[in-house]
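Here are two versions of the same chain, shown separately as structure tokens and labelled structure 1 and structure 2.
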Structure 1
């Protein structure tokens, strides 16, 4: 157990502001703020504005690394001069503070797509290299959470550099990566953790896990999805409006469009989020659309997350955060869609 304790530290709650302000002096910190009730990542300028008693962000952490609308470069059509966005990089590195384990895991999936393969996306990669992820373990999952069904958990460490767990009177802090170890090793507010601290953490996590009530057998789904023309595709889409809300709130959806805009003598190249649920997503220049109806578009979304991602990355590109369930205007529940597919003859 002593070796296991090496990467654990304790931060007493009365020392939290001092701990946070030390980090604030060295990094730009983004996290859930009291000023917007923890709806999304905001720049935090004071420990007093940091909100740690939230359930989860409305918008996921992907928006920080992969903005909904991002100018990649600016250009002057008359002179050919191009200015790359990376020329405006801040001298300070960033800390993403307090995201939930499901969002940290989702970022590890984004890494597989944009950073770890070839070619790399330079815009995403630069932000990830500059950022340290400090996640916050879940003590009270939402009724819509089903992270345990898709390989995540309330205290999953994947994608995080440091993970915090709120104990009764203190925080248990674990360094997950070398980057996390480097940040914490000089902080004088931390004290060594004990076996009793780990035991308290394990009890809290066991209680949190017991609150996850969704028993969706996602791992059994892939065989069903191998049938491209199965009859269940005729029914699972029927409530869908095709609004794309599910993909915009999803922490792993990453489809995008590229546009060049020119006005007078200036121009810019913009990357914006796109969605496989939109009818124009696969519209060809000829006018042909291989996904003309909601059926084909819903099939694409389900297959991408639960079939193609497994084939390409050996991962299910769903972290069970439940945002698509909470925000769907017609209450289309992805868990019920999965169950309907599993029960189809």
Structure 2
């Protein structure tokens, strides 16, 4: 076999259910399901419930690894004795099946923050170690997608262990990591791929890419953003209501709050998603707030993604999924914000 074909294999459509059910025997599988119309990552109990013609999840896949509300520890409020949160660990590991390449890339950013940056976050890392990511290349991007402008793409592999592409009558499967190779080993339904299969994939991907209409050019952005007091900050936030929806839907936003609650004589310390778009986010007990208005908060959101993440990780913490565009109640479009900043004198 040719070297470049080594990591590819083919799954015929009629073998798909058999392939999927074999995996179901060994793993818990989460993916887009017909029962909720592919809105979010759901537990899949049979191949029939899998929905592979979905566009993208409404909620990003981050929820699975970083739940909106998660118990960090439990305690007895009267004795103060701390228990690690009790959780029944399933004997089966997880497969995350069919997330889009942008969500997979976003997970790799979460890895940088929670798994690779010391100290490790044990809750995230544990779930991450248990899971294998099988992503699904995009054939038909949505009008709000602009992944190609921010270093992601319809067939981006980063963050995935395996990437699957739907060819006309078959699936092309590529293992990207050792973990991916391990999972596909010994699966009898898989047959070697040929150069024609790769050619077909390349054509499909080229067609998909031509559907991405955004032409924002983020390379020049960093330098513009180094000017903290630039005048464009006076205007780009003006429509914003500060509702924080953009950050909740965003697959790369990882900010959280920690609070205690006591209920029926058991206490929990929980973490919940939080947002830099909220005024309380940075409010000191003294009343001082380093980011008192919408202007500073919008600036923080944009700078964290497009400037600070580059300083810290050499990455742009935006994968161009367009969720913030779709869900913003006042149609504040991050592509336009970027464009305005680029065009500002």
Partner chain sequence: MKNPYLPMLTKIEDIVIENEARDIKTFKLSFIKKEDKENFTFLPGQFAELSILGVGESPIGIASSPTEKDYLLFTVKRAGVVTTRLHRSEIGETIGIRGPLGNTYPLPDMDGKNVLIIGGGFAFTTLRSTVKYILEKKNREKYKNLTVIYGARTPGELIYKNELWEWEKLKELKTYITVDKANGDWQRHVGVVPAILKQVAPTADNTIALVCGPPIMIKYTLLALNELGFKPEQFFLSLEMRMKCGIGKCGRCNIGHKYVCKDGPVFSFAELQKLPPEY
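All values derive from a computational prediction rather than experimental measurement. Positions refer to the first chain, counted from 1. Basically, rigid core = biggest C-alpha set you can superpose within 1.5 Å across the two forms.
- Assignment of forms: the chain in structure 2 is the form predicted in complex with its partner chain, the chain in structure 1 is not.
- A displacement of 2 angstroms or greater separates the C-alpha positions of residue 263 between the two structures, with the rigid core held in common.
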